[in-house]
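Quick heads-up: it's one chain on its own, the form predicted alone, in structure tokens.
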Amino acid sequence: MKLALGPLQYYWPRQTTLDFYAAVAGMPVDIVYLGETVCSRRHELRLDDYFEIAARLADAGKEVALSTQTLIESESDLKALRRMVENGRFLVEANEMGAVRLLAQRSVPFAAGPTLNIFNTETLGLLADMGATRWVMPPEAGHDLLAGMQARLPEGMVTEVFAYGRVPLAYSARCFTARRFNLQKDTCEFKCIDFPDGMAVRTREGEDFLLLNGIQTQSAKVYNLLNDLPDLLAAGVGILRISPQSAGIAEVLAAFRAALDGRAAQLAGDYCNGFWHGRPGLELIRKAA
């Protein structure tokens, strides 16, 4: 089983992002996804910057994939998508059907991202026919759905599961972070750069409920399937996805790597894993000893 670092979901300053990926080159991760998947207004890094980072990580022995934007809203977004699809070197993760169409037209293998919402084998089979060789299970899906999918997996298809990070729950054309500061999306002042792990939304009782990350809504709790690793291995999952965060990612990757190597590993924190067990996502289900 391989470890993958998913695309950065947050908006970080340029140097912070460059330093992060420089450190990733030495971390125990097999695959690194690069690209802006949330909002095209985030311009600290351009597509050429991601190409350069990809080349450096590949030189460091990492497998690199380029992740497309989830919502394509303008001609400039489409132009960037075409450049990514035509990069000619790195696998592309398609996160919307426009990217799938462009990749299928070029007859190149691609990864079917989690926002394609693949919940049945018919959809997965269709994408396989179009060139998908890897699929990422939607984070809100669980063990039972995966078991059914694995039983009828298209030949050669690799399964990837979101195993750690704040769960991306929804996307919208409206920017919630800008709205919070009474700003329009087109004049947002790039407020999300002030929140390196998203902006918390709390209940009236003061409990963390959700996170706002620009146009994206995330879970407040961090999803963690480290203790469910035996089930993931038994299900034949090929890749575990770890989502980047502003602190502690090296420790997270080290813990998952240790567990995969058969060594004891634990992560301290207020986690959840409800979706995996067919329960509300914010619940933490502890397996009986």
Partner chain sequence: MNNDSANTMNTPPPIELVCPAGGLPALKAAVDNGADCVYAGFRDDTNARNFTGLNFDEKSLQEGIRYAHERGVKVLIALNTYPQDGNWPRWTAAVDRAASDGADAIILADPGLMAYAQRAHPQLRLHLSVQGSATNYEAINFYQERFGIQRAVLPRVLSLAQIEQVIANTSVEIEIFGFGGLCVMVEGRCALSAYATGTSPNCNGACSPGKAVRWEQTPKGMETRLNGILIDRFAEGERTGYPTICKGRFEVDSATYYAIEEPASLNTLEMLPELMRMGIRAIKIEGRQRSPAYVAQVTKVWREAIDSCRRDAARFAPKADWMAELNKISEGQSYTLGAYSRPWK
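Residue numbers count along the first chain shown, from 1. Computed from a predicted structure; not experimentally measured.
FYI, the form predicted together with the partner chain isn't displayed, but the following is about it.
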*4.5 angstroms heavy atom contact with the partner chain in the predicted bound form for K191*: no
*Contact test in the predicted bound form: R179 vs the partner chain, heavy atoms, 4.5 Å*: yes
*Verify the contact flag for E75: yes if a non-hydrogen atom of it lies within 4.5 Å of a non-hydrogen atom of the partner chain in the predicted bound form, no if not.*
yes
*With heavy atoms only and a cut-off of 4.5 Å, decide whether S219 touches the partner chain in the predicted bound form.*
yes
*Which residue, M130, L91, A80, M157, has a heavy atom that falls within 4.5 Å of the partner chain in the predicted bound form?*
M130
_V136, A163, M84, V100 - the one with a heavy atom within 4.5 Å of the partner chain in the predicted bound form_ = V100
*Counting only non-hydrogen atoms, choose the one of 255-263, 63-71, 30-38, 44-52 that falls within 4.5 Å of the partner chain in the predicted bound form.*
63-71
_the partner chain in the predicted bound form: contacted by all of L5, L18 and D231, heavy atom 4.5 Å_ = no
_Within 170-184, the residues that have a heavy atom no more than 4.5 Å from the partner chain in the predicted bound form_ = A170, Y171, S172, A173, R174, C175, F176, R179, R180, F181, Q184
